[in-house]
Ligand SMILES: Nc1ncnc2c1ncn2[C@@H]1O[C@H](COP(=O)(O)OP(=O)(O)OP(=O)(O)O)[C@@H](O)[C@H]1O
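Below you will find one chain, with nothing else, as structure tokens; this is the form predicted alone, and questions on how it binds or moves follow later.
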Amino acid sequence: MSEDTIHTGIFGLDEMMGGGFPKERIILILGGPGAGKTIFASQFLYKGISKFNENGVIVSLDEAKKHYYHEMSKFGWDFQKAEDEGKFAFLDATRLSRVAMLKEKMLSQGASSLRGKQLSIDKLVEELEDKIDQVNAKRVVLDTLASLFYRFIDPIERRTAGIDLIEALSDLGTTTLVTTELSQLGLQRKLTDEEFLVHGVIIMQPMFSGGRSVRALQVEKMRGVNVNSNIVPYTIDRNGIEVFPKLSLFRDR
């Protein structure tokens, strides 16, 4: 592994990328419901803390802190302890997604303008910068971009907000994973705007053949490193996510 990459903490994944993620870049994790996006990103954070001496911050737009800590404890990841030791910070940004959407429907049109929404994003980035400074974080996760973008129904507003947010994240000096929903399965899917803006893209989705299904992962792109772009199987168990780059998706029975 070179000085320009960092270990992911996910078994088998570093092998597909010449040693790990490019340092201080933004990686988009795309997947449908149940694909394990949050588990993937949390494993990246926790292994960074426990194995590689790299503190972390998560920005959660989907889950409250108590629920998140409980769910991650099932994998043996004690984020509460990491927080108590000053190695981890949780930023609850759920107010910017569902609750905010409901409030906007009750307010005047002016309050739900693009500028009003943009101010919320600016505030989010400011709070994130504070958390990063607080724990000297090297790893950041934003989970999930889809929850934030529900507020931007107009495609032009959504694209503008996406560009602004990703540019702001690029300036943080951290290695940042951003999760979002994979809206369409299959190899012929339409690319999202975010995929063109980030430095790396990993896709997690089910694949089907002959009545069988398997969890499949692909490193679609990763700037600055040599990647194995094959579609490979992965599993989710009590240890988290494991990737198997040397196995075929559907082995003969």
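No experiment lies behind these values; they were computed from the predicted model shown. Start at 1 with the first residue shown and count on from there.
There is another form of the same protein, the form predicted in complex with the named molecule; it is not shown, and what comes next is about it.
Chemist: For the chain shown here without its partner, which stretch in 27 to 35, 223 to 231, 192 to 200, 46 to 54 has non-hydrogen atoms within 4.5 angstroms of the named molecule in the predicted complex?
Modeler: Flagged stretch: 27 to 35.
Chemist: Indicate whether F75 is a 4.5 Å heavy atom neighbour of the named molecule in the predicted complex.
Modeler: Flag for F75 set to yes.
Chemist: With the cut-off set at 4.5 Å between non-hydrogen atoms, does I39 touch the named molecule in the predicted complex?
Modeler: Answer yes; at least one heavy atom of I39 falls within 4.5 Å of the named molecule in the predicted complex.
Chemist: Would K65 sit within 4.5 Å of the named molecule in the predicted complex, counting heavy atoms only?
Modeler: The answer is no: K65 has no heavy atom within 4.5 Å of the named molecule.
Chemist: Which of the residues spanning 220 to 247 lie within 4.5 Å of the named molecule in the predicted complex, based on heavy atoms?
Modeler: The stretch touches the partner through I236, D237, R238.
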